[in-house]
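As a starting point, one isolated chain is supplied in structure tokens, in the form predicted on its own.
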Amino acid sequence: MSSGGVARVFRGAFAHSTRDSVLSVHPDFVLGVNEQGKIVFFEDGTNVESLSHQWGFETSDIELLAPHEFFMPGMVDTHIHAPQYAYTGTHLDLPLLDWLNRYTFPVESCYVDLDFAQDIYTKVVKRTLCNGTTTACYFATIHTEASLLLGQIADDFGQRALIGKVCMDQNSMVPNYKEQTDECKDETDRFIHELLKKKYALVKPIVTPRFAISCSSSLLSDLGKIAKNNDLHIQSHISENKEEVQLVKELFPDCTSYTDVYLKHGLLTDKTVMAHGCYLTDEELMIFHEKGAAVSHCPNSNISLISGFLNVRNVLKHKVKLGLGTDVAGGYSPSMLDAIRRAMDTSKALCIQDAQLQPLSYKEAFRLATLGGSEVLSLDDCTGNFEVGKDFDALRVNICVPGSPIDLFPRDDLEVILEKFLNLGDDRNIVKVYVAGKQVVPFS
């Protein structure tokens, strides 16, 4: 079919978000993907004849979706800890700082063992892909070799990923899980250099100070310079729970806020994503907006570790880029569908406390999980929806697979089917996953 520059053509129902529309549904559209995996046309199904002449494909080559199927953009997990997948779904009995010391740091220390890392990292990449995560923003550990291995595994399976070697030179609770400041800087440089040298099409490094508590001022400054000199993304945590916010105040008395710590060290840019932000003030959100920095909302983790609620409406009011994260394993589910549901639950819980607030709709949550996430990671020029010129990152969803958790009724239209999938569906309904035009699920 590629004679006219088109490798695949799909016809059926599509749902996505655009800049102007929180949800745009198309019951009968036709979409073409070229050899490079980019979308070359996305038009009403009635135009199929003229498109076939223009692009040189036979109408018999079109892949037709069934009436109970639709395409949606791949989901973007803007915050996930790959090494913590080893204990996901367990150990949710402590608040953040105790939880890190009791469970996280001892487990992350094990990633010096590359066989251990290979096993867990293979499982987390496969699991997230099956759950429809086409793009993942991963924290790894302090270990350079294991972090490079995560990049290789993501590339092997075809997932779009940002990989962060974790940086921390302060850790009094688990003293063996940290690096010396110079060592951390040198290893971060080496990690970035080695990962870029691989020339993976969809896997890139991201500068990753764990959070202000575990990094010296000197290390934070070094990381800010590394990010600037290499024009790299940055990720960390901010204002997750009250105890942490208070501790940051004590550790950085010269800074006016948690946000100010990252700002002063050159770590708040238009390619920065900060997880949580439950306790960000309006003043801090204004700085986020000015700098173009983004927030990753991780509602499952915020509830599971009893950290707090993020007021999504307030973040959006300040025009701050916002996406969703699973935050495995503080969040017990690796599925972005869970993140969508918990985001709506959190929003409704806040509405119970304050009747003035408007709850988050399923359409808005859908946008946060797709286009919103791509904006957060500054990847919205190449993914997030079905605009012509973008990569085809997509989920083929089938509501009527054997054993489906969803029942359909005669009057269910496309919007109803989408809403049911977001609220009730799971990986069984995600029958195919495409990243940059390549089918990655089912695994070959």
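A residue's number is simply how far along the shown sequence it sits, counting from 1. Please read these numbers as outputs of a predicted model, since none were measured by experiment.
Beyond the structure shown, there is the form predicted together with a small molecule, which is absent from this document and is the topic of what follows.
Among Leu223, Leu337, Leu100, Ala146, the residue placing a heavy atom within 4.5 Å of the small molecule in the model of the complex is Leu100. Proximity to the small molecule in the model of the complex, taken as a non-hydrogen atom within 4.5 angstroms, holds for one residue of Thr104, Ser304, Thr259, Thr346, which is Thr104. Heavy atoms of Gln84 reach within 4.5 Å of the small molecule in the model of the complex, making it an interface residue. The closest non-hydrogen atom of Leu129 lies beyond 4.5 Å of the small molecule in the model of the complex.
Within this chain, His237 lines the site of the small molecule in the model of the complex, having a heavy atom no more than 4.5 Å away. For Phe366, no non-hydrogen atom is located within 4.5 Å of the small molecule in the model of the complex, even though that partner is not displayed. Segments offered: 225-233, 311-319, 92-100, 110-118. Contacting the small molecule in the model of the complex at heavy atom distances within 4.5 Å is 92-100.
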